[in-house]
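The chain that follows stands alone, in the form predicted on its own, written as structure tokens.
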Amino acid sequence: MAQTLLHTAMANFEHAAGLLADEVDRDVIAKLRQPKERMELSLTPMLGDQKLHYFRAFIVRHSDALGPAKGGIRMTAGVTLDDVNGLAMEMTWKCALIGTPFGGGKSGIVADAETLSKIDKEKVIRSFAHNAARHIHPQVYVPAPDMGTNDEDMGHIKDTITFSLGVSTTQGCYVTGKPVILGGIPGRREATGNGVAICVEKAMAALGRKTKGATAVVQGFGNVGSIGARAMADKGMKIIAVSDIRGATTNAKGLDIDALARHVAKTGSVAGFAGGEDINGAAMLEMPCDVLVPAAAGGQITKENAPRIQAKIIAEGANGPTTPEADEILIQRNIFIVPDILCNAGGVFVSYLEYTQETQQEQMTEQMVVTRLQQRMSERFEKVYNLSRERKLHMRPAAMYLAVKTVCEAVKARGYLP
């Protein structure tokens, strides 16, 4: 997995670099191949068993040409420094493409969030915030939730920082995705999934297809997958299959997403849902459908299963779900791909709104957030789609071309020293 995420990020970058060969200085491209900073931290909190436990953690700042590094904290047992490196690079392009004044960053904590008790997880998160205090700052690196972390964890990070500073609250935004009562913004938790649904609707329109009655398969029923599925269902689509790490369920007439969410809250998995039939999660990816939304881990669509994918559109809710080798196969098969740096950029855009809200000490309503998200996602989708038509490119290289060019222009504008 580690090689897949970094390999995918580098392959996408090198392809974009080739497209920009006659437009951008090679030295600037070389500068962006490497992260600005890679760090490994040692966390040693005392957990509920009254013993010290050792956890590795990573922070990568890939670029700050456009602004402070922005990117979530991934907390899984298998996350690696290379994973974080690849994800930080992808965040650089995502922030540039969606038009936020951020560079790319990412964090990783090597721990299984699901096996930790609630209080033990809080201790690990607070240990990370304490040990990363020199690196988390509104003008350096601003973390957010990612796989294995949530808004509650971001609240604990903010509290740890304010406690260490001896103040009641932070001056400026140190972390996004916080609970609303602690300076978070309404609509942030739903932003990534809603952004995916907006991109799906735009892609359907671009291909001359109607959203109402169209079928969708969603891999992953976490924050992105569950909200994206509900948003697509609200647009009239039939969600015919959903999977998570423990199982998968299908219903040709369309799953009741609200009932499924209640089932997951009660049992911890989509498996065994009374309103559907259990199926194999890997086989689910190959079901005939209009839209496939990979919203789980990276590297799920590979050269092995890409020839059997039957979706008309793939909307990448996860980071790096499609390997470069699979990409080539899908392109040859004329499957329309909405790339991750566009499709799941709704989260970082609304994080930007949270950042500006806290910096300016203002408040935004959820309707304001929803309206601005719709406008920005639609605008950027159209920009990428129009370029893809103009230059006869597929959506991923078109998106990467725009993003990498933007960052290169920022590097050049700053100058090459120091």
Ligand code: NAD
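Start at 1 with the first residue shown and count on from there. Every value quoted in this text rests on a predicted model; they were computed, and no experiment measured them.
There is another form of this protein, the form predicted together with nicotinamide-adenine-dinucleotide (NAD), and it is not shown here; the text below is about that form.
Novice: Only one of 331-339, 238-246, 161-169, 207-215 gets a heavy atom within 4.5 Å of nicotinamide-adenine-dinucleotide (NAD) in the predicted complex; which is it?
Specialist: This holds for exactly one stretch, 238-246.
Novice: If the cut-off is 4.5 angstroms on heavy atoms, which of these, 318, 314, 198, 109, is the one near nicotinamide-adenine-dinucleotide (NAD) in the predicted complex?
Specialist: Answer to the contact question: 318.
Novice: Within 4.5 Å of nicotinamide-adenine-dinucleotide (NAD) in the predicted complex, heavy atoms considered, which of 100, 250, 131, 300?
Specialist: Checked against the cut-off, the match is 300.
Novice: In the predicted complex, does residue 277 have a heavy atom within 4.5 Å of nicotinamide-adenine-dinucleotide (NAD)?
Specialist: No.
Novice: Is there any non-hydrogen atom of residue 145 lying within 4.5 Å of nicotinamide-adenine-dinucleotide (NAD) in the predicted complex?
Specialist: Contact check for residue 145: yes, within 4.5 Å of nicotinamide-adenine-dinucleotide (NAD) in the predicted complex.
Novice: Does any heavy atom of residue 220 come within 4.5 Å of a heavy atom of nicotinamide-adenine-dinucleotide (NAD) in the predicted complex?
Specialist: The answer is yes: residue 220 has a heavy atom within 4.5 Å of nicotinamide-adenine-dinucleotide (NAD).
Novice: Do residue 152 and nicotinamide-adenine-dinucleotide (NAD) share at least one heavy atom pair within 4.5 Å in the predicted complex?
Specialist: No, no contact at 4.5 Å.
Novice: For a quick test of understanding: in the predicted complex, does each of 94, 114 and 224 have a heavy atom within 4.5 Å of nicotinamide-adenine-dinucleotide (NAD)?
Specialist: Affirmative, all three are within 4.5 Å.
Novice: Between 334-357 and nicotinamide-adenine-dinucleotide (NAD) in the predicted complex, list the residues on our side with a heavy atom within 4.5 Å.
Specialist: Only 344 sits within 4.5 Å of the partner.
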